[in-house]
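Only one chain is given next, in structure tokens, and it is the form predicted alone.
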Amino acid sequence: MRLSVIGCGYLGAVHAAAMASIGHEVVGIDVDADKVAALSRGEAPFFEPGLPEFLREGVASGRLTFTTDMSAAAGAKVHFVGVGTPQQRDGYAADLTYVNAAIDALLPHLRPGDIVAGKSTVPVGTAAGLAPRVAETGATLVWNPEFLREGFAVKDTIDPDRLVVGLTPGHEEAADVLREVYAPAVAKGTPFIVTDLATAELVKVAANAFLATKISFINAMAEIAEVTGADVTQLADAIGHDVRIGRRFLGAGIGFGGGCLPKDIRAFSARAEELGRGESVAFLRQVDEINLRRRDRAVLLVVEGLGGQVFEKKVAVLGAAFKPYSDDIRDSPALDVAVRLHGLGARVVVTDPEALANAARVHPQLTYEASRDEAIRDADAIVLVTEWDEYRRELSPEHASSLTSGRVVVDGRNGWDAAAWRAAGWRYLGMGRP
């Protein structure tokens, strides 16, 4: 099938490459000429495992092309819209400027029978407002939210855990077309859920709100553990055995970040207020506040570990990306901790396998070091803030001891063996751990 993908950022580029890999003819369209040029060369403009290979294969096969010309969308059967919906600068609500611009630019090139499939994360009610404009062309609007995890986005696109298609009554045939688009996944028995437009929009924001709530819940328990002497990791293990709760996303630490969860829960709160139901999701404000407080706690632990004074002390910060297997620094707790320590006068050295260039563009005041060992060398304290394997699994306390006489580690992700570090002579400080 011929497909177009409008918006070739993180979501769109991955979706376009994945659809080409399963045999579709795909054109990706974006207003950024430099991004389009890189993608046309088979180069990923951001770090995502597996994506470069899919891009190169798709471009080389001729099934995957990229352009800045919206007229290239003409002739496609399905048009996926995957542009960004950032937080508004003057409030919590989502900025729909890019969504509206994409639809406006696409409308002249639609034909009767075409399907426009929204993938952007939008406030509930957005699709209902767009549908009549699309219908005037004879095309049909559906909403097909994405559920990508950065670092696993290629797999999540080709082999998703569920597919959701929201549509208006009388347009059920659009769901059949989407079943053809996702034929390999459907053939595997992937749940294919057909809903109304509003439900499809809510599925994504509700999922993100639930995950954020679960993470902040265990971090709230970490705050209680810190004043009672309890161990939040043992607590998480114990309650995680309850099948109604589960252990995943019960890792206490410095909290969540990235380009989705923080802005999505804020936009959800803002939309609920607009609908007159702000009280229904009022708890999300607390979820957000708990999340931000854990960054403060990590900074305080560094100050405590260094005897109350961090001025001119070298602090090695292990991580800049908001999560491993990504170079995304949007609302990164790791980078936030580094910036706050720098503001207290510490000599902060940040290391990360993939995100240093992005971090340096946003925070040039920090010092960056590509080598983990050089970052640690002669450090007064080491802070784990992103769970890359080379920090969490491959750095032993004995090796760290050979690089510095400093003996303070702050485990912002509770990813290290506290007993092992203490046995090696280090002062270990964790999040919600005695």
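In this text, all values refer to a predicted model and were calculated from it rather than measured experimentally. Numbers for residues come from their place in the sequence shown, where the first is 1.
Only in words, not in the display: the form predicted together with a small molecule, which the text now covers.
A.B. asks: Taking H171, V194 and V203 as the candidate spot, are all three within 4.5 angstroms of the small molecule in the predicted bound form by heavy atoms?
C.D. replies: No: none of H171, V194 and V203 comes within 4.5 Å of the small molecule in the predicted bound form.
A.B. asks: If we take heavy atoms and a 4.5 Å cut-off, which stretch out of 78 to 86, 345 to 353, 243 to 251, 131 to 139 is in contact with the small molecule in the predicted bound form?
C.D. replies: Stretch with heavy atoms near the partner: 243 to 251.
A.B. asks: Of L96, A127, L261, I103, which residue is found within 4.5 angstroms of the small molecule in the predicted bound form when only non-hydrogen atoms are counted?
C.D. replies: Selected residue: L261.
A.B. asks: Of the residues G305, P123, G166, G257, which one places a heavy atom within 4.5 Å of the small molecule in the predicted bound form?
C.D. replies: Looking at the other structure, the residue within range turns out to be G257.
A.B. asks: So in the predicted bound form, does R294 come within 4.5 Å of the small molecule, heavy atom to heavy atom?
C.D. replies: Heavy-atom contact with the small molecule at 4.5 Å: absent for R294.
A.B. asks: Is there any non-hydrogen atom of N208 lying within 4.5 Å of the small molecule in the predicted bound form?
C.D. replies: Yes, contact at 4.5 Å.
A.B. asks: Does the small molecule get within 4.5 angstroms of any non-hydrogen atom of F147 in the predicted bound form?
C.D. replies: Residue-level check for F147: yes, a contact with the small molecule.
A.B. asks: May I ask you to state whether R413 is within 4.5 Å of the small molecule in the predicted bound form, using heavy atom distances?
C.D. replies: Contact with the small molecule, yes.
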